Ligand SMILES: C[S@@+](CC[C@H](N)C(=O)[O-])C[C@H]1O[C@@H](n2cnc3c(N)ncnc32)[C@H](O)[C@@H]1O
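Next up: a single chain in structure tokens, the form predicted alone.
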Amino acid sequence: MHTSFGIYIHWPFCVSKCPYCDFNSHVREAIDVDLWQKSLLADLHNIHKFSKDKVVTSVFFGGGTPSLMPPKIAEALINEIHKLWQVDPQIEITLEANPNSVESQKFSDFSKAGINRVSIGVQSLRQKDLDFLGRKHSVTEAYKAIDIAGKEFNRFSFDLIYTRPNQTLQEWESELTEALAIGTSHLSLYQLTIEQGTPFNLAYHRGDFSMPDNDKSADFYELTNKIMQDRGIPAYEVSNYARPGQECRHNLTYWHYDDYLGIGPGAHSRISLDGHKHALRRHRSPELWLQHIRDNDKILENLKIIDPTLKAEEFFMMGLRLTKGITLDRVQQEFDKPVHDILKTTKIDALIQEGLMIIDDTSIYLTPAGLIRLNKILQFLFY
């Protein structure tokens, strides 16, 4: 039985908005940091009543760019979490960071505040591609930030985006090999996707650049998996790779569909109460979220039971991202019924016959060929 429980803290501000990004991030000329500290602490107290008996196994500062946050805010929130909840002695506390040189200098202060893991948004080790992606740091700054992270934290990871326009397999292999030479035990490797509502979506449909077709994307994915497997850092999720024992514990909480609480603008929560899984989402607008906190709005009245159909969809959408998939015991524990009573047998059989899914004595999971087609398989199963 899974016992992880995470707390997500959203810092919504960025220096600039990257053209590919559809996250809840905002650019503001000035931020009242004292007001934000007070409001985030108030939000933390708001959600505590639903999880008093939980043991916190991870905290994740996401965004936005939480490395822009004054370290004193992170320290105040971490200290308050220790006061409100029982905390696992091996708690993982992650901070997402951009590798701008000014932010890197703050790593020591964040470490003293209680952060013990950082995830750095490098995205590319090629300057022309950083420029294309709208990143505000240089390759030199990326290497410097990674070097400082390795000295200040026991664990660190960084992100890279591949299948970029005009990128070849040979170019990606060379870049990934350089990244592995840094010596990290965890990498997040994402294929570039064109999201609705982003500047990239407009530019792509305008014909400013082209993207690899599905076959070429599959070639990139297979090459990535082979390189990472050969280096002893295999995939444990469709886009995440780690040496055994170095997986991101907080993200595993999401993928295992365990409980977590989120504070800050746009943050989501999933919490089990009275035999039901409940959902809660904060308002995305930083200003409206602040107003709700200031007015002591009864935001927790928005806590809603997730209906069985949506719950099953969320559960399998999360769990099938993992290379090990979902244990059959976990399915029984969550739904009190076997897999074939939740998913249509004809669809399961079709995926198995196509070599995309396996159900053995202990688990249900996608094959490597299935993971490449994850989104289409999920659409096939649920729509």
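Here the structure is a predicted model, which is why all the values come from computation and not from measurement. Quick note: we count residues from 1 along the sequence shown, nothing fancier.
The protein also exists as the form predicted together with the named molecule; that form is not presented, and the subsequent description refers to it.
Where does the named molecule sit in the predicted bound form: which of 349-357, 36-44, 60-68, 326-334, heavy atoms within 4.5 Å?
-> Every other range fails; the passing one is 60-68.
Please run the contact check for residue 88 against the named molecule in the predicted bound form: heavy atoms, 4.5 angstroms, yes or no?
-> So residue 88 does not count as contacting the named molecule.
Look up in the predicted bound form whether residue 98 has a non-hydrogen atom within 4.5 angstroms of the named molecule, and give yes or no.
-> Flag for residue 98 set to yes.
Given that the partner is absent here, does residue 193 sit within 4.5 Å of the named molecule in the predicted bound form, heavy atoms only?
-> Heavy-atom contact with the named molecule at 4.5 Å: present for residue 193.
Would you check, heavy atoms only and a 4.5 Å threshold, whether residue 159 touches the named molecule in the predicted bound form?
-> Within the cut-off, so yes.
Counting non-hydrogen atoms within 4.5 angstroms of the named molecule in the predicted bound form, say which of 286, 262, 212, 121 makes the cut.
-> Only one option qualifies, and that one is 121.
One residue of 311, 135, 270, 282 in contact with the named molecule, assessed in the predicted bound form (non-hydrogen atom, 4.5 angstroms) | Spelling it out, the residue with a heavy atom inside the cut-off is 135.
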